[in-house]
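Single chain ahead, by itself, as structure tokens, in the form predicted alone.
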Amino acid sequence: MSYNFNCGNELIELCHKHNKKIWEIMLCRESKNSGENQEKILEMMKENLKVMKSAIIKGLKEDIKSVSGLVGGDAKLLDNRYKKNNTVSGSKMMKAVASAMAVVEVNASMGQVVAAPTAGSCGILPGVLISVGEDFNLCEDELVKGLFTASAIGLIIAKNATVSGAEGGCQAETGAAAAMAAGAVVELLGGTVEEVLHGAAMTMKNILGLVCDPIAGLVECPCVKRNAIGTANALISADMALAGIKSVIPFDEVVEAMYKVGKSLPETLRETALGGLADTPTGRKLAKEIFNNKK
């Protein structure tokens, strides 16, 4: 029996045909394609979850600085703020955002993270999933299911578009990560497969056109803060989907549009560090300082 799918519509059909949730379809697919039993695959995904949790703890507790010195410590600042003060966005939102920033700061300091789907967007999924898990008292096994749901969304985007900033701009990296996170949360909190895809679609729609312009070509600035915004985007979109709000444009068409937009971006705005923020006076100055210091 095949559990393979190429797009959101095929995923919906599979879920209805087998009366399974997305995470179950993804687990069956992985088991069938890899030849591994499901228990082994679940254990492997559980290890990914452990790495994600460890990165959040490290980023929030330790004094981290990236090799260039551009980023580090902002996650701790935000963590302190939501724990000690009323925040404009609310403590739940800020906990998720601080967690996401912590993971990307760990990545920038050469620490261990899970690329989800890439290192540059590695904070959004753990930030969203683990924070929501804490707020809704979801156990580890439930969060692992969420990772499988997220991976199904990521797989569709990778098959039909790209998750690479170098190919499609930051919309492809942080956009895909946020869509994966939103979809996972929607299913974990009882949403249907259709609602999962509406959540993922709305998330990606909100980030269309975002360029990839890392200062000095390093996955640090503005990457950390874009993971923060991607986290907020995912949470808001998940709530909209769970409220019954639908994406006017179907998920598969949003993915196609994202790819077309990415291909339309000039090369200077696709992770070349030749345009956007990287090409501002401050961006160029920082790049010169970083590379001169390395000589």
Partner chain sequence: MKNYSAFDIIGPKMVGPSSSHTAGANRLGRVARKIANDDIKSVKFLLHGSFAKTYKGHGTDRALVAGIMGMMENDEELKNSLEIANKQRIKYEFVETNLGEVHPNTVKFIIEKSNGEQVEIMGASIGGGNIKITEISGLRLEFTGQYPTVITRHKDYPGVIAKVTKMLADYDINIAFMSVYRQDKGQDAFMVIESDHEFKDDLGIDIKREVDDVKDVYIIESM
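Here the structure is a predicted model, which means the values were calculated and not measured. Residue numbers count along the first chain shown, from 1.
Just so you know, the form predicted together with its partner chain exists too; it's not on screen, but the next bit is about it.
For the candidate set Met202, Ala108, Val128, Met101, a heavy atom within 4.5 Å of its partner chain in the predicted bound form is found for exactly one residue, namely Ala108. The partner is absent here, but in the predicted bound form a heavy atom of Val51, alone among Ile245, Ala257, Val51, Ile249, sits within 4.5 Å of its partner chain. In the predicted bound form, none of the heavy atoms of Ser264 sits within 4.5 Å of a heavy atom of its partner chain. Residue contact with its partner chain in the predicted bound form: Gln112 places a heavy atom within 4.5 Å of it. Although the partner is absent from this view, Asn33 contacts its partner chain in the predicted bound form, with a non-hydrogen atom inside 4.5 angstroms. For Ile41, a non-hydrogen atom is located within 4.5 Å of its partner chain in the predicted bound form, even though that partner is not displayed. Contact with its partner chain in the predicted bound form, defined as any heavy atom within 4.5 Å, is confined among 213-221, 87-95, 134-142, 192-200 to 213-221.
With contact defined as any non-hydrogen atom lying within 4.5 angstroms of its partner chain in the predicted bound form, the contacting residues in 1-24 are Asn4, Asn6, given in sequence order.
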